[in-house]
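To begin, one chain is listed below as structure tokens, in the form predicted alone.
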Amino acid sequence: MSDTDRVMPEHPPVTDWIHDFDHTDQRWTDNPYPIWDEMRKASPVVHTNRFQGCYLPTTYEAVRQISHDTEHFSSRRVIVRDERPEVVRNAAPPITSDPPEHKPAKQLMLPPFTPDAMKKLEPRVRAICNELIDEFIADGKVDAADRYTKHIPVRTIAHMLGIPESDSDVFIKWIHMILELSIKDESKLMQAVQEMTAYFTGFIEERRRKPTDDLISYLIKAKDKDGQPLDDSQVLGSLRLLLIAGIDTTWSGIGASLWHLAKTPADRDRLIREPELMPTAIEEFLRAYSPVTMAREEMKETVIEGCPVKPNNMVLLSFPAANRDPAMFPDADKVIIDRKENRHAAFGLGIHRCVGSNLARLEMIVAIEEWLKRIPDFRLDPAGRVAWSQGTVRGPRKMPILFGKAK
């Protein structure tokens, strides 16, 4: 079958969000918040026949229940697509693992992402931000998504893996293929996985001969729950996860934060006056503009918030919709940068809560701090257009910005 034969037809536009939703519809991409409100008012769980059958929990409580229920909901597929490709073992552990395999796979990934490890990484992240700003600050304008927010997590992960930061464009290409293009074209997924495997295999072989102090060497030295070295499929799966889960997500989080500040000068000025508020503000940006929607595959019939849900369906596990639930967050649709109580689900809930949350927070805080130090006065370019990504991870992919009194 050729690549062109495998491309799925374009989806018809949605006319009924309650019974026929589609998270790839352009209106969802541009502004999903009123859609989620409409769904939530109708039911805690809605369903579509698209994607071979898919549920979407609309409330925080429904998302929480599904996240904690590993008996009825499997993580073996974590993206909702038109087709369901064959399940690949060690695709991206631990995110694609279920109990009992999940716990040892996750414990293996925790040490490189401790708060202490992040403190050691922080100087390099600050340097990356300033190197990027140096490239455009004299221009008085920039597409901040293309020349700033995109590159911070890519170059940070490359630094941690010990691979060339200059290869960042190819990493971004693979992520775009996996998280966006493959929803409607399975061949893009296969192509990206094959290219990633070929790329990383060379580095794995090199590190086996000559270990270094980086994440690839860490994975090669690591032992599984039986005390055995990881096989190559586990090492490759973990490396895929680090790229897929660690780049697009944080790029989106940084971008949405900068987008908010570009259009909300009062919040921007307050953060410049009260820099100690930055960690609290970043938590609110994570809640209000959560980038990540995961998926589960329903394996057995159950009931969620009074709604029967049936097997052989996917579940679009929308942490962003949960974070806009007014039953959980007062003034859920307002961005309150000094919000005191903020138990958001941006990093997930249950056993699959994000391993890299410390890294994402570090990158987001540092990226906004360094920008505000050097470009305190900026705004969205009225002659340009902000474009958001489609599918599983949502964030600005084009964001033209003008700035004034730059340093």
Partner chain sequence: MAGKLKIKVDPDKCQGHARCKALAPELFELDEFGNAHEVGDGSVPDALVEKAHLARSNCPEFAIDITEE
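Remember, it's a predicted structure, so these values are computed and weren't measured experimentally. Residue numbers count along the first chain shown, from 1.
There is also a form predicted in complex with its partner chain; it is not shown, and the following applies to it.
Of the heavy atoms in E283, some are within 4.5 Å of its partner chain in the predicted complex. Interface membership of S43, defined by any non-hydrogen atom within 4.5 Å of its partner chain in the predicted complex, is ruled out. In the predicted complex, its partner chain sits beyond 4.5 Å of every heavy atom of P32. The closest non-hydrogen atom of Q107 lies within 4.5 Å of its partner chain in the predicted complex. Screening G306, P99, P111, P211 for any heavy atom within 4.5 Å of its partner chain in the predicted complex leaves a single hit, P111. Taking W36, Y55, F378, Y60 one by one, only a single residue has any non-hydrogen atom within 4.5 Å of its partner chain in the predicted complex, and it is Y60.
Site residues G140, R147 and R397 are none of them in contact with its partner chain in the predicted complex, judged by any heavy atom within 4.5 Å.
In plain terms, the part of the chain that comes close to its partner chain in the predicted complex, with a heavy atom within 4.5 Å, is 336-344 out of 24-32, 368-376, 336-344, 45-53. Within 4.5 angstroms of its partner chain in the predicted complex, the stretch 361-382 places a non-hydrogen atom from R361 alone.
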